[in-house]
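The chain below stands alone, shown as structure tokens; this is the form predicted alone.
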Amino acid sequence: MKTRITEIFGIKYPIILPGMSWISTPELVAAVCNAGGTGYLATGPLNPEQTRQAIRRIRELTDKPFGAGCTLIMPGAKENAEVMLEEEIPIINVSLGKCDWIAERAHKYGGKVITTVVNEKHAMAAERQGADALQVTGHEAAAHGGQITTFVLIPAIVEKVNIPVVAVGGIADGRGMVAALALGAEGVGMGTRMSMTKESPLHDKTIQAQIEAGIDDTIYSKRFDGIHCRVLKTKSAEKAVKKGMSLPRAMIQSYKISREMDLPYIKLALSVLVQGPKMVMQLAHFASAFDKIKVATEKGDLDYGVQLIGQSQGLINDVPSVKEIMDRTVKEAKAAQKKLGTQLI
């Protein structure tokens, strides 16, 4: 398969593993790369030294192009981005912030930048800032998809930009891939699908809960972590959304986060305060949600934890290897394309 995404990133198939915290680990990233796609290391929960070690671990596991995610709104993200640039990783996925300074430095060593966007305005801004491609995340996606569905958002953005687009949200097989390509995308992200594989670190209990869930068994709300976010529908998730953020709990959790990320708490607090009241509240929401996501992912605790998941969970009913998923998706895509060819005569 050949698109501008395969050409820019130097990969066989235009299939991407997005950076999902506690899921997109070196092992899963490398598995996707070795199977012909590419993946982004999730650096949100990592401090700079952990990020550096994770990047080097990926290089031990694969010689294929890989990336890492950088959510610029988060404390410690700039420091992690510096590590990515120092390590000269092939692909940097920027979200929730301007990519200009990262793109300028990455391009000097031949690196590429793909920016995550959820609307046309941000897509055009990212192109002006030097992004090489866009990861367009629709309403169906896990976590922070936008208000517009993937299959409306993709053609709208494709018409407004000249750089290639990767479609994310609601895609779990070759049929979805062909649909996205037909609308102008040149690659697809399959986070929910790749999270339910043999190489995924996602806890077996959480994987099983997702397999048993249907396409309508999710909740989409901004009351969980401050940005509209899609999660698995459970009693814990419903309670978390109903309750909203607890400021005292967020303060306690932010202290734990500062320790995990090896950031002095005073430095963390000051870096948040200087961004203004709106950003303080946003990061307080993130802090409040942090441990709930972590325990659902790592421990399979859905009585307390909350799992980020996309609507495509309802299309998934097995736990194969990453290679099996990649081969199956490509085979399904070719079959769907052939079928369309006979129907559109």
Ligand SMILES: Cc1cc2nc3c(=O)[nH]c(=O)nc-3n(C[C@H](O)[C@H](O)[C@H](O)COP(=O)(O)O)c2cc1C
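Note that residue numbering begins at 1 and tracks the sequence as displayed. Just so we're clear, the structure is a prediction, and the values are computed from it rather than from any experiment.
This next part talks about the form predicted in complex with the named molecule, which is not shown.
Taking the partner from the other structure, the named molecule in the predicted bound form has a heavy atom within 4.5 Å of a heavy atom of Gly189. Contact check for Ile23: a non-hydrogen atom falls within 4.5 Å of the named molecule in the predicted bound form. The named molecule in the predicted bound form comes within 4.5 Å of no heavy atom belonging to Thr51. The named molecule in the predicted bound form is approached by Gly170, whose closest heavy atom lies within 4.5 angstroms of it. With the named molecule omitted here, the record of contacts in the predicted bound form names 134-142 of 211-219, 134-142, 156-164, 84-92, defined by a heavy atom within 4.5 Å.
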